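Quick heads-up: it's one chain on its own, the form predicted alone, in structure tokens.
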Amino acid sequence: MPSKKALVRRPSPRLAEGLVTHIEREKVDVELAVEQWEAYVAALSAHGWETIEVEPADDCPDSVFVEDTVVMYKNVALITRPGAEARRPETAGVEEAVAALGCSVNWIWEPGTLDGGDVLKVGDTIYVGRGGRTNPAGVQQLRAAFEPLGARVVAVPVSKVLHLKSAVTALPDGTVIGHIPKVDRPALFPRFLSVPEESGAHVVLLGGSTLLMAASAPRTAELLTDLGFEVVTVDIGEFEKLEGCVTCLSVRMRELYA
């Protein structure tokens, strides 16, 4: 059995209707978006990830951003309650997928709201963005679910971007990276590296020293390459028009099998 599995979800035909909060709406080419998504999935597969397609949710324009619907820690899948009410129907198919993989399933309940894009795991520390899509009750419920398993939960203010992981992600050594103008409190992270482009703040750890990031951040790619990382880039321009990034498009589940 491969040690690395990733949940993905094919873009909805209604993708162009997806929500935008902090940027101006642009026209989305859905056909091109599907091609970009397929290239993203191929990049995961090429680096040893078994990709598992969640049942499509064609009536949910934002459903391709599957990361927002579930948070994984060890063998527990915490099904979220998205802050945008229109996105809540997305969770049912994801719940079925993680249950079929043998995960222990938990849930965020009303009045809590939590988007998976607000959750950044660095070892056993879980940073949770408290902002537009995740409320205090959601943070409290996540803490209740994961602290008994050994996690340390740290709440982080988010006001300049949609989600915490729209502002910061982490390198394999635990260093948090972000584009300073979009990060509320960089001092909250023990090790922080500023990157020159907003989309450069988003990396997916493919394994070892290999990182997946958007093609829209060439200067950050050069910086990370100079630091000794192998950088793989994909064009996700159509998803960036909807405040999406490389982390949003999959749920990496190495914790279950490693």
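Nothing here was measured: the structure is a model prediction, and the numbers come from that model. The numbering used is simple: start at 1 and walk along the sequence shown.
The following text describes the form predicted together with a small molecule, which does not appear among the structures shown.
For the chain shown alone, residue 117 is a contact residue for the small molecule in the predicted bound form, at least one non-hydrogen atom being within 4.5 angstroms.
Contact check for residue 16: no non-hydrogen atom falls within 4.5 Å of the small molecule in the predicted bound form.
Taking non-hydrogen atoms only, residue 236 never approaches the small molecule to within 4.5 angstroms in the predicted bound form.
Contact annotation: residue 198 falls outside 4.5 Å of the small molecule in the predicted bound form, judged by heavy atom distances. None of 106-114, 67-75, 143-151, 179-187 except one has non-hydrogen atoms within 4.5 angstroms of the small molecule in the predicted bound form; the exception is 67-75.
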